[in-house]
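Okay, so here's just one chain, in structure tokens, the form predicted on its own.
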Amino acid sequence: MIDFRPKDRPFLIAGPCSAETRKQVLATAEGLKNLPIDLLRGGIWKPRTRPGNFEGVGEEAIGWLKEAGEKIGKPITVEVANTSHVEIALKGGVDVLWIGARTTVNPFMVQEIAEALQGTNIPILVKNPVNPDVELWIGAIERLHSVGLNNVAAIHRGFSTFQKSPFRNSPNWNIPIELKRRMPSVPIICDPSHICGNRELLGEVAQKAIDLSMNGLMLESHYNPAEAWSDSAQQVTPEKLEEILKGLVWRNPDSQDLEVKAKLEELRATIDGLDRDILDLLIERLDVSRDIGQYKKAHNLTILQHERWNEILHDREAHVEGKQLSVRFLHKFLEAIHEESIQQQTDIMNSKNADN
């Protein structure tokens, strides 16, 4: 029985991006033998964006992974993208299956996979969809639950973006946090390899995942990353993986120390009070914004006035300069308030009675 929530530490998955050759799989597994990993991974079917790239060895590689797993005493996991993959993986004795981001985005495909797995109760990992949509992610997990698959965990591997970023896939940490809030019984494992797309940032992202109470990590490892047939830049040698793991600080989700608990409760009570004060001020601010909307309607003025919005941004930036509040957060905060103000003023403008 695979337990995605070990009591003493995060759940760890490691192995090559792709199972390329028997030699590569066995050599990588041998290097991982003494690391505290729980599951040996290897892609045998690789969905590539463009044709002509290496798309995996297929069924033959299951035998290599099984041999490697038996040598180091670890269960194995592979990705499945359709019902044919499911049939082959089950026949080959794969211990855990994972559904990739390109499959999670397609509810029809997830439903077919779920129905093909009905009655097996095999452990399943579900990667987030390519696009930042928590509903799709939740829906995929619910489809598996609906056919009686209860040992299901989520994998956070980041989201595609056109924005310039140091990451291959934007972490969008708010989305896995929302998944955890709405589905607290589902463990979440972070995949820093696919978030980063490069080995330099792996430790930083892995630590962030731990700090956010994620239940485990999936990290890609290859005995010779320079010669990897896929995603070479994000894979590390087993030796480098050991170094990364040793550099991480494992956090506890809670403390049994009564003094620590009491202090946290005191600080949280202060936060609760401040939040209520902030909300009361926001309500008061929106009251004034509605008054402005009534006045604009009475004098036939447009809702949006760009000069005023720029004036607000510049004034508030100057107000927080040198204080522990980032400009990025300030802009998001002000934009949310501005959007709500515009909506409420729009409702006033479109009402038949200016007093409504």
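For clarity, every value in this text was computed on a predicted model and none was experimentally measured. In case it trips you up, residue 1 is the first one in the sequence shown, and so on.
Below, we refer to the form predicted in complex with ligand PEP, which is not included among the displayed structures.
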| item | value |
| --- | --- |
| Partner-contacting position among K66, R316, K296, K46 - heavy atom within 4.5 Å of ligand PEP in the model of the complex | K46 |
| Of R102, K180, R143, K240, the one that lies within 4.5 Å of ligand PEP in the model of the complex (heavy atoms) | R102 |
| Any non-hydrogen atom of K74 within 4.5 angstroms of ligand PEP in the model of the complex | no |
| Proximity of W98 to ligand PEP in the model of the complex, heavy atoms at 4.5 Å | yes |
| Contact of C17 with ligand PEP in the model of the complex (heavy atom, 4.5 Å) | yes |
| Touches ligand PEP in the model of the complex: H85 (any heavy atom, 4.5 Å) | no |
| Option from 319 to 327, 54 to 62, 38 to 46, 25 to 33 whose residues, in the model of the complex, bring a heavy atom within 4.5 Å of ligand PEP | 38 to 46 |
| Residues of 107 to 140 having any heavy atom within 4.5 Å of ligand PEP in the model of the complex, listed in sequence order | K127 |
